[in-house]
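Encoded as C-alpha cells, the following chain is the form predicted on its own, with no partner shown.
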C-alpha cells in the first residue's frame, strides 16, 4: 500500500470518525444537561439530512442557507420534543424515559419513510466541484469540511461548559435537579436549551453525512457508533468523545481496507469491549465519588 493511499485512508478515517464524534457529542450534551440518554438522537440525525434535502431540492436554496435553516429547524424540533413528550415524563423511572425516547425515534423514522419513501437521495454542496491536491495526493474537500466542523464544535462546547454560566447551569442540573432549582436555575429552560443544541448538533451530523452516504431513513443507525465514541472517551469528556470517534473511524477505515467489510462492521464493538475491560470508565473518564 503506497504512502498516498495511506494518507487518503487517514483523511477518510478522520472524516468518518468526526461524524461519530459529532453524534457522540450530541448524545453527551443531552446527558450532561438533563441526565437523559436520548435514544432518538440517531433519528434526529436523519431528520437533519432530510430537512437539508427538502430545503435544497424542493425550495432550491443555496447550501449555506440550507445549512443554517436546517440547524434552526432541528433545534426547534428538539425543543418541541422536550416540552411535549419528554418533560411530562421527567419524574418517571429512568427505564420509562429510555423507552419513550426509543418510541420517539421510531415515530420520526416512520414519518420520514412515509414522506420520502425508501429511495436514497442526495443534494449538492459547494465542495462537489472542488478538488484538493497536496503533492500527488488527492483529498476529498468534503472530508476536510467534516473534520473542521467536528473540531470547531468540540472547541465551542468546551468553552461553553467552562466559561459560560448557562453551560455550568446545565452541568448543575444534570447532577442534581433539586439543588439546581434551589440555586435559582430555571431548570425547564435549561432542559429546552439542551435539547435544542443537542438536536442542532445531530442535524449538523446529518448534513455532513448526506453527501457522502446519501439520505435515507436508516441513517439513524449511526447512533450506535456515536455511543461507542462517547463511551470510549468517557461519557463526560468532550475531548475523549472526539478521540474515541476519530480512533474508531481510523480503525474501521484501515480494517476495512486490509481485512474487508466484515471486519469493519465489528470493529466498533470489539474496540468498545476491549477498552471497557481495561478502563471501565473510558479512556478519559473517571469514577465518580458519591457520598452516602
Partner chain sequence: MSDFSLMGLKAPTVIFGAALLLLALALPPWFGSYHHYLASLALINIIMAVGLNILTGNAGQISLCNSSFMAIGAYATTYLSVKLGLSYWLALPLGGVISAISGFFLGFPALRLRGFYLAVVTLGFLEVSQILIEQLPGITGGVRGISSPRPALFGHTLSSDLSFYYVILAITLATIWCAYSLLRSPTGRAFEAIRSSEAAAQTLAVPLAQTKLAAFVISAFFAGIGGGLFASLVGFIDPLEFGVWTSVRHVVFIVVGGLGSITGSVVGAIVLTVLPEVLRAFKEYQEFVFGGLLLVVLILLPHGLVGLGPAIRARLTQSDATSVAAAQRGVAE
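These numbers were taken from a predicted model, which means no experiment stands behind them. Residue numbers count along the first chain shown, from 1. Throughout, rigid core stands for the largest set of C-alpha atoms superposing within 1.5 Å between the two forms.
The discussion below concerns the form predicted together with the partner chain, not included here.
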Q | the partner chain in the model of the complex: contacting segment from 245-253, 50-58, 37-45, 64-72, heavy atom within 4.5 Å | A | 37-45
**Q.** Contact residue in the model of the complex, chosen from 85, 124, 137, 158 - any heavy atom within 4.5 Å of the partner chain
**A.** 85
**Q.** 188, 148, 110, 171 - the one with a heavy atom within 4.5 Å of the partner chain in the model of the complex
**A.** 110
Q. Going by a heavy atom distance of 4.5 Å, is residue 272 a contact of the partner chain in the model of the complex?
A. yes
Q.
Is residue 231 near the partner chain? Define near as a heavy atom within 4.5 Å, in the model of the complex.
A. yes
Q) Taking heavy atoms and a 4.5 Å cut-off, does residue 119 contact the partner chain in the model of the complex? A) no
Q: May I ask you to state whether residue 96 is within 4.5 Å of the partner chain in the model of the complex, using heavy atom distances?
A: yes
Q) With the partner absent here, would 76, 176 and 180 each sit within 4.5 Å of the partner chain in the model of the complex, counting heavy atoms only? A) no
Q. Taking heavy atoms and a 4.5 Å limit, what residues of 194-211 are near the partner chain in the model of the complex?
A. none
**Q.** Threshold 2 Å Cα movement between this form and the one not shown for residue 10, core superposed
**A.** no
